[in-house]
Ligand SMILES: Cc1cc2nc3c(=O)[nH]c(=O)nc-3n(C[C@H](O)[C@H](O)[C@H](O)COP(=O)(O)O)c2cc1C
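For reference, the chain that follows is the form predicted on its own, supplied as structure tokens.
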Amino acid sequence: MNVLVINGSPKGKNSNTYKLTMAFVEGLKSKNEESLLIEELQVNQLEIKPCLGCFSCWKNTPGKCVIEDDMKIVLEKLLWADITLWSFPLFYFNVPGKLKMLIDRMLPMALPFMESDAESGGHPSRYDMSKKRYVLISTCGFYTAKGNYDSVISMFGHFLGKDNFETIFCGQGELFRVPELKDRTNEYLSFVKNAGAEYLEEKISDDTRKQLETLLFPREIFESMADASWGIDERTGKKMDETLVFIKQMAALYNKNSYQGQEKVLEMDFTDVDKKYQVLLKEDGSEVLTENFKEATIKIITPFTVWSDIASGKLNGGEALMKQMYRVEGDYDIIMRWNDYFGGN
């Protein structure tokens, strides 16, 4: 079986969506690796020029475009593939520009004659594509994929057939590049891998579909992290220090369910950059203080480099504490139950 991956991200293999696509491919391989031939097209590396709208591929050279570029390879691979995985991030509610150019250039695959039984008009395929299968895999920067892919589904429905493709659309896509959140994102990637295994045998199950549609984090937490990630103060419009960005994103992960009837004050003292912050852990959420500090419940005195390495998983927090790479003063409850406090909901 021939599998084609069309990666339409301008970031190529550094794409967040590409991580999901490779997890899906792993799932395909887990069921029948020996019989699978897998090829990739990195759209950002291809020379693809815009369609001229000349219709020469219909009138003068049927099935062949007059433009000499890499689109010839794309068309050959589309005909070769039994399964095509369309991988792309959502750009302004549709596909990235260069991928849209590629889709425009698929005109030679259609015949010029009107398809009388098409609901809103259309053109029949020049080739027998009846046994081809397709999966659209995409991430977007909103908290949910729901309601943001209408134009994508409509466009692909016109040239692939409304019921001829599966979709894996994931909101909160930027989180897949954040090492500190890898426990949650890796869990989601395991769901995508399961989807690939199921798809090869028949279709994605309802249980797996439900897992794929579950938010990585609740809307409030994600949008707080997303806003902080830009590193810009909402009030002043000025760039924030990287340590403050880090603290705001950490505070956004605060799990209100960990509240035990009393407000706690977590103080972070980054000794290598001479920066100090407090995070108020309250019943209704968290708050970051940069001045007018309160009496701390717990103080973590640490180089910022050490704490960021712990957060990203490069260092084990317990081992680093034993080695005196940082120290803790006050109530140890927060440090002992860190995942309860900052694991999201």
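Start at 1 and count along the sequence shown; that's the residue number. If you're wondering where the values come from, they're calculated on a predicted model, not measured in any experiment.
One more form of this protein should be noted, the form predicted in complex with this ligand, which is absent from this view; the next part is about it.
Proximity of residue 89 to this ligand in the predicted bound form falls within the 4.5 Å heavy atom cutoff.
Contact annotation: residue 173 falls within 4.5 Å of this ligand in the predicted bound form, judged by heavy atom distances. In the predicted bound form, this ligand lies farther than 4.5 Å from every heavy atom of residue 80.
Of the heavy atoms in residue 177, some are within 4.5 Å of this ligand in the predicted bound form. The chain is drawn here without this ligand; in the predicted bound form, the stretch among 102-110, 135-143, 117-125, 240-248 whose residues come within 4.5 Å of it by any heavy atom is 135-143.
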